[in-house]
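Coming up, as structure tokens: structure 1 and structure 2, two forms of one and the same protein chain.
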Structure 1
């Protein structure tokens, strides 16, 4: 995907910053809004080059729908991950078979890869250690398949179909 123009990215950063301000202050008082806008404006002015790559393209309806579908799936995975850890911690025989495997990804953008890495970290038994180009290094607490293809299918694939739509 192409990098967006400067103005486009600036506006995107401004909107996200101002929305965060609104969520953290939870007020519509005029002075709060003015300060929030000034701060967001300054942050966007200085930081939009680093904070956003594709700008307003993130607000397209398709992406937002997939994002809304993705959130409950993500929370569910976090819950499963925790019961998985609880089972391994509490079971007397401690069923672990740890290992470090490689996972390939088809995602092209940095934000997509970051979200994939985050999602992998939050799902049952896996933590992303590092990422380079299209390869993620993942620590797996119970290795089912040590090959790159098998690990990709087990760990990365379920998220990719969502993240591909959200981040391209």
Structure 2
């Protein structure tokens, strides 16, 4: 995919920054909206060349639908992982089997790989400690399968099926 024009990248960055502002502030007060737009405008003005390569090409109905589906799925995975970690902490025998495993990814874009690494890290019980090419190094609180295929299936694949559609 070819690099988008400057205006295209600016508009994309402005939209993403303002949408992020709205999600973080969770308010529709006029003063908040004005400040959010001004800050988003300035960030887009200064950083759109660094924050986006493809601009509005990222906006497709399919990607937006997968992003909307990913958010509750991701939150559900966080909830499940919280209960799992709480069980391990509160259990008298502390059933942990920590280890570092390799997780392979089929994601091709840096944005997709970054989102996968962050999704893994934000899920309690796992933390991405390194990323190189198509491999993530992950610390896992309870290693169920130390093989690359097993760790990929358990840790990365559930997120990757969505992220592949969102980031290509």
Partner chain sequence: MLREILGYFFLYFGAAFLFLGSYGLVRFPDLYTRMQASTKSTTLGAFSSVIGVGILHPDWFIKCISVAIFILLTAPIGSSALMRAAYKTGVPLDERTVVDEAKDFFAEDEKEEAK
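The shown structure was predicted, so the numbers you read here are calculated from the model rather than taken from an experiment. By rigid core we mean the largest C-alpha set that fits within 1.5 Å across both forms. Positions refer to the first chain, counted from 1.
- In this pair, the copy labelled structure 2 belongs to the form predicted alone.
- With the core held fixed between structures 1 and 2, residue 132 has its Cα displaced by under 2 Å.
- Taking 2 Å as the criterion, residue 39 counts as shifted between structures 1 and 2: its C-alpha moves by at least this amount when the rigid core is aligned.
- Core-aligned CA deviation for residue 27 between structures 1 and 2: 2 Å or greater.
- Superposed on the rigid core, the forms differ at residue 123: its CA is offset by 2.8 Å between structures 1 and 2.
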